[in-house]
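What follows is a single chain, given as structure tokens, in the form predicted alone.
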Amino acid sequence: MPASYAYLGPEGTFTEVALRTLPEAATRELVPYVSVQSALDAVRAGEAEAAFVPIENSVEGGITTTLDELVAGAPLMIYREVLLSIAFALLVRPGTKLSDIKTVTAHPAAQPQVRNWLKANLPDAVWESAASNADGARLVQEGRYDAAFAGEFAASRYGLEALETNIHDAENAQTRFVLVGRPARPAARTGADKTSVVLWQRDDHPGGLRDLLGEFATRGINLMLLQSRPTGAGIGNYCFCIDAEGHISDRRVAEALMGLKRICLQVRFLGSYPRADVRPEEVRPLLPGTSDEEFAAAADWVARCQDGRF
């Protein structure tokens, strides 16, 4: 396997900045790809050891392009996550004034994060989506658009200047990025972990989603992301992407996954990995019997009953 990480490029993306915060990135060749799909396909094809892509932002939630790529195709697994605070700069060719801007571009995930600023300052500008924020900067450099929303750090890389900086509609906006590789043994439990899965129902029926969520709720497992994605099998057919607190080696998480495997048409395990915020998972105090020790004790009691040692 080549010692390289694929990432959503070109150079100068927030993805690249987030990737370089990983210590292991210093020992890998970092290769930009034109899309999330192509970066993940490079891993599937054995052209890269792992791919680093955005998966969620605090303004709009899950990034559907990434979620859909993890739902479909050959299985992949999340190994790490990184949180990066996001603020945009309006990048233009030197000499451009705000009144000159008729067209703007950026990655689609950027639009909800600058919508109010755009309405207040460039109400008549036409928005066009780019493959990434850095690619939008490249397109401005080439004269295709008048301005791009991107990281201020991308300006010098593309011969642009920042006309405005620190643009964001929501204070403390963050984007979550994940390092994705081929399936393997998950990293060891840290005590501050997250487990990601995709669930498909056997059929559509009243209370179906409640049944899925109940496997987590009865075990005191908090959910951090719940997003439905169409399966492509017709209107109303959805699968569910879920991030839950805890690690697959936790008894309560393992039992929840076993319960889901029994009742779901399909379960895709996307990995157990350290949380970027290093916040220990919380067992809800209102739900007695949900600690890992209590699950282990219950399993030991059943085993003793089976052996006639109760």
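As the structure is a computational prediction, the values presented were derived from the model and not from experiment. One-based numbering along the sequence shown.
In what follows, reference is made to the form predicted together with another copy of the chain, a form of this protein that is not presented.
**Q** Counting only heavy atoms and a 4.5 Å cutoff, which of 89 to 97, 168 to 176, 150 to 158, 182 to 190 contacts another copy of the chain in the predicted complex?
**A** Going through the listed ranges, the match is 168 to 176.
**Q** Would residue 249 count as a contact of another copy of the chain in the predicted complex, using a 4.5 angstroms cut-off between non-hydrogen atoms?
**A** Contact with another copy of the chain, no.
**Q** Can you work out whether residue 143 and another copy of the chain are in contact in the predicted complex, taking contact to mean some heavy atom pair no more than 4.5 Å apart?
**A** No.
**Q** Should residue 123 be classed as touching another copy of the chain in the predicted complex when contacts are defined as heavy atoms within 4.5 Å?
**A** Flag for residue 123 set to no.
**Q** Quick check on residue 214: any heavy atom within 4.5 Å of another copy of the chain in the predicted complex?
**A** The answer is yes: residue 214 has a heavy atom within 4.5 Å of another copy of the chain.
**Q** Mind listing which residues of 210 to 226 have a heavy atom within 4.5 Å of another copy of the chain in the predicted complex?
**A** Those in contact are 210, 213, 214, 217, 218, 220, 221, 222, 223, 224, 225, 226.
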